[in-house]
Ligand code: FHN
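This document starts with one chain, in the form predicted on its own, laid out as structure tokens.
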């Protein structure tokens, strides 16, 4: 009788576990793949790790002010926040003449800062295009500037060896066929016209600027997009037909049930996870991911007033390191003024970041999650497919002893400062526990220690990721 009861309990428990599993939906427009991309273009994207985000457009002219009133929100949303009419907003074109937009100078600044890739807003929600598009007259061709600013940008950045990605807003306040929701046949027909027009623009961008490496889509949260997940699938396929190596994040996609970023079965749609805006996960992620960050809180486009907390170079450097330490990429935003120039605060910030990256960048580029227990003093990264590990120290203990736990059998063969002078003394304090003693002095900025580790069994040493 006891055996029967035990068997019944085991069977019931097993059935209960099976019943708790979420049934998988049959999706036609879900994730294109489950595994990570392994091609060279995606490997390059991963190895870049640090990039520059450039937010520029008509909104840069008012700079957060309209008719003498200050608007504290994101400056690029001024048309919405100030409730500016279409006629009044469109008239800004007459004052859009960014003669101080120095693309070669910006590209050199980005390279010296350590950026390996860069993004620029080709079209924001306001619908204004910074390239001469044959599909609209609401573009830079119909401003006093007239020149192709996008070409200037991509040519200059490519010359400096920096990959370029295009930001493109699906949401469009200017286009008459844009719909926030689809409530009737008329809406459906209008939105289809809009999507066809938008697809033509994307194809135009990819054809006219063939060195573009990826697209960073925005404004896909409305019901109109979520009700037409097949449109996002078709656009993605169209892009891949033009360039099979093109990279696109998770923001573009929606499936047939309206799920965004991740389909209804929980699989990521896109080449990398794009939900980390102004925040970091600070944990290892299964997917490739990217964080985009502003300098003041939530200011992307140029705002003449930076109020509240403005991030220091040390804060930004820690975010760059934190992203690399957990296997992600990091992009720092810059918002040029209406005349195209970069504000002094951003120039100085870029200089300070660049000084640190010039000395310590080897712990960022082509590095990955080290699969070691993070410590309160800072972060680990590992040079891909090697036993070289880096320690980025942001919080120096009072006793100047850096403690770390290593997997069973792993030893520290050597430890040395990357740029700081002095010796690092290695002490094996206990089983799997090592102490690094550093000189007892004041450290004025974050520093890096380079370690060489060894183990008889490499697989016990690190998480062995697929060779991608």
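On a predicted model such as this, the values are computed, not experimentally measured, just so you know. Numbering follows the first chain given and starts at 1.
Another form exists, predicted together with the ligand; not displayed. Remarks below refer to it.
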Worksheet item: Within 4.5 Å of the ligand in the predicted bound form, do we find a heavy atom from each of 116, 272 and 330?
Response: no
Discussion item. Taking the ligand as it sits in the predicted bound form, is residue 138 in contact with it (heavy atom to heavy atom, 4.5 Å or less)?
Written reply: no
Item to complete: Answer with yes or no whether residue 382 is in contact with the ligand in the predicted bound form, where contact means some heavy atom within 4.5 Å.
Response: no
Item to complete: Could you confirm whether residue 359 comes within 4.5 Å of the ligand in the predicted bound form, counting heavy atoms only?
Response: no
Worksheet item: Heavy atom to heavy atom, is residue 111 within 4.5 Å of the ligand in the predicted bound form?
Response: no
Worksheet item: Which pick from 124, 166, 157, 178 sits with a heavy atom within 4.5 Å of the ligand in the predicted bound form?
Response: 124
Discussion item. Using a 4.5 Å heavy atom cut-off, which residue among 306, 197, 282, 221 comes into contact with the ligand in the predicted bound form?
Written reply: 221
Worksheet item: Heavy atoms within 4.5 Å of the ligand in the predicted bound form: which stretch among 311 to 319, 69 to 77, 362 to 370, 348 to 356?
Response: 69 to 77
Discussion item. Going through 52 to 68, which residues have a heavy atom within 4.5 Å of the ligand in the predicted bound form? Please give them in sequence order.
Written reply: 53
